[in-house]
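What follows is a single chain, given as structure tokens, in the form predicted on its own.
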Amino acid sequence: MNPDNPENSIEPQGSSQAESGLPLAEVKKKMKSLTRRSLVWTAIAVVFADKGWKWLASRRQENGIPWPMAIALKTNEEIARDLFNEHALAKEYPKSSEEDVIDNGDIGRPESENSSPWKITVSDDNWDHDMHFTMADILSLPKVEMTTELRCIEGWSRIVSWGGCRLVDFMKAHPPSSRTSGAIDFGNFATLPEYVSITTPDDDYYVGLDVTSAIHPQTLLCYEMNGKPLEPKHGAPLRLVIPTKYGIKNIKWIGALTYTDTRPDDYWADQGYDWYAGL
């Protein structure tokens, strides 16, 4: 052992010196001071957070949301919409990666799945009457399969394989009215409605999509999940799958679809969440 090497020195048991070289009493004093200071700053933070929340909650409301929060949500939405690329695809995975999906949420679920043959009602702000389509109409459109990530705002996610038709293919087969004097052109947003609204048969659950998201190539009207027919608990017979948005936009038990230039109501946006809900 080299006595000149400090790494080989041994502190006698019961020494009053701390590892820092300061007397133990001095170390305890500094620790007590730091603890007191931390408590003071924590208390200050709690007081300001409480007062800040009370101030925020007391502000005038815009659509049921305090205006500072409404501005923040709107700003987030505008940034997300500017960054969104209708040609950029959400990541796809090997089919072997698929996982079981949590049975989550039953708002809008029909009380009886077999009470009457399923149909989807399609309307347009400029139509004189609604149109109705059956699963045979859906199944007649080109089938698309993809394995993507379903992300929930609660924090969980699952890799799921989906099968169905593209919403844009349905829209092309049963097009909205043109917003211009010319014919509808899916390559020209000026001719398309600004929004698509989708609701459950009882209207209890409803989502609004900007048309750019609606015609995205990965936005599906889905009737299969993980290689099997969609189960009632997961939205049978038809649900929306849109991997560029959080799960709250992936409406189950579709009953009606509307082409509109008026921004549609959205169930979770009405509860104070982001209307756009993009990833």
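Quick note: we count residues from 1 along the sequence shown, nothing fancier. Worth saying up front: this structure is predicted, and the values here are computed from it rather than measured.
What comes next is about the form predicted in complex with a small molecule, which does not appear here.
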Using a 4.5 Å heavy atom cut-off, which stretch among 132 to 140, 89 to 97, 199 to 207, 173 to 181 contacts the small molecule in the model of the complex?
-> 199 to 207
Though only this chain appears here, would residue 236 touch the small molecule in the model of the complex if you measure heavy atom gaps against 4.5 Å?
-> no
Does any heavy atom of residue 245 come within 4.5 Å of a heavy atom of the small molecule in the model of the complex?
-> no
Should residue 105 be counted as a contact of the small molecule in the model of the complex, where contact means heavy atoms within 4.5 Å?
-> yes
Consider residue 225 of the chain shown here, and say whether it contacts the small molecule in the model of the complex, taking contact as heavy atoms within 4.5 Å.
-> yes
Option touching the small molecule, based on a heavy atom within 4.5 Å in the model of the complex, out of 192, 150, 120, 165 = 150
